[in-house]
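First, one chain by itself in structure tokens, the form predicted on its own.
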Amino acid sequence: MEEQKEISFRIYRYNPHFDKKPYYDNIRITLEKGITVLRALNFIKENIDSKLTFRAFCQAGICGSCGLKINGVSKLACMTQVFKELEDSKEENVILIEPLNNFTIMRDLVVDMDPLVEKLKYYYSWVNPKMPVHELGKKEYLISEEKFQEYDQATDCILCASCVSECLMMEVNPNYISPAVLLKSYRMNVDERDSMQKTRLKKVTSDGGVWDCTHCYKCVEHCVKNIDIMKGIQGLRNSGMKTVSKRSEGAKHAKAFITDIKRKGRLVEFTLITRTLGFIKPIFMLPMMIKMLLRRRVPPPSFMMSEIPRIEKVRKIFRKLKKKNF
């Protein structure tokens, strides 16, 4: 006989038509080992509380509909084992179920995905074929295996939005493009059948785009398909540096970093603002700069900073990257 346990599901509840504020509902059920969180939620809805609202469809980790926060981490409910989650629960035999972060909650565990869909539209998250319209459907548009491997992993994205839920920049700026859309943009831009690379890159490298990523790696850590999203983000940055955004603030910021590391092996923060923003915009930052000066938090100028030990090894790495046209 399979192992069984009585488990308490602490579920986030909120119906904007009736509830003044959200609350948590504790529902205890007995489950056997091997049951997923989604099957448990289905059991609760079918046998205990038919008003419980959540999204689900394929139940096989393909559609991405059942993205939730389980014990504080964004996951797919259909791929998450109840007994496995109990190992990480803060309270014994209690599993916390909440809606995804960084989205407006519509009801219970259902969030409004429309803003994400609108971003996918805005950043042209589809292949616009180079092939003339009258040729479409008449023959295959073949690409090499080598070229396909560049974005093969990115095609595994199911838009479950777990990466969006965990993204720290999304918490600060809801208008940020989001890691999911950046990955889609990379996937489309690398596809040699696409004709909108420059147009898409121009949008992706604008304000709120790829340069706003803080490299927290939360998206990679919590991707349910184990996609290296940062590889796509870095790919977009590299393309942007080479094409449309050489004069953008993000590109200037990245170039300043590279220059400093190459010269001294450390960042020269004293001039970083002016090299990135020019000399006019920093004027509006004077109050903050004065506070830093009074607190003796102003970094030293370049001539006061020495090179790090073994700087020549760092420069050797740069020379190798240059040969590879990186």
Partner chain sequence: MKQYDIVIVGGGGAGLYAAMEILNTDISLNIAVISKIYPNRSHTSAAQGGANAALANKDKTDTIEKHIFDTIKGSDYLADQDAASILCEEAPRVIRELENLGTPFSRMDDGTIAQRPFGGASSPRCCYCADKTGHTILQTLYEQCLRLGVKFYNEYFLISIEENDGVCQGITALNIQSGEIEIFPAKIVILATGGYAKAYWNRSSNAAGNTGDGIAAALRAGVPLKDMEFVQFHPTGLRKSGLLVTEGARGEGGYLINKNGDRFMSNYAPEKMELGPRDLVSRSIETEINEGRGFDSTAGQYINLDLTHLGAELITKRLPQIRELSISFEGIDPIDEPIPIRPTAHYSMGGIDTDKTGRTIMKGLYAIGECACVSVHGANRLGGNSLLEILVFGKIAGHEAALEAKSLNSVSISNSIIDKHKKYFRSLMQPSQYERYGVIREEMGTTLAENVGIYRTEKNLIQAIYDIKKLIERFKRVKVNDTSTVFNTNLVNVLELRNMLNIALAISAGAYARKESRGSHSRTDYTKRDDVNFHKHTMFTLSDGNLDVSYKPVIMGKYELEERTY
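These numbers come from a predicted model, not from an experiment. Residue numbers count along the first chain shown, from 1.
The following text describes the form predicted together with the partner chain, which does not appear among the structures shown.
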{"property": "Option from 275-283, 34-42, 290-298, 260-268 whose residues, in the predicted bound form, bring a heavy atom within 4.5 Å of the partner chain", "result": "34-42"}
{"property": "Heavy atom within 4.5 Å of the partner chain in the predicted bound form - the one residue of A254, L96, L159, M169 that qualifies", "result": "L159"}
{"property": "Residue (of D228, E91, D114, D207) lying close to the partner chain in the predicted bound form, criterion heavy atoms within 4.5 Å", "result": "D114"}
{"property": "Joint contact, E46, V127 and D152 to the partner chain in the predicted bound form, by non-hydrogen atom at 4.5 Å", "result": "yes"}
{"property": "Partner contact for L52 in the predicted bound form: the partner chain, 4.5 angstroms, heavy atom", "result": "yes"}
{"property": "Exercise: S302 in contact with the partner chain in the predicted bound form, heavy atom 4.5 Å", "result": "no"}
{"property": "4.5 angstroms heavy atom contact with the partner chain in the predicted bound form for K138", "result": "yes"}
{"property": "Exercise: N15 in contact with the partner chain in the predicted bound form, heavy atom 4.5 Å", "result": "yes"}
{"property": "Members of 64-102 lying within 4.5 angstroms of the partner chain, judged by heavy atom, in the predicted bound form", "result": "G64, S65, C78, M79, Q81"}
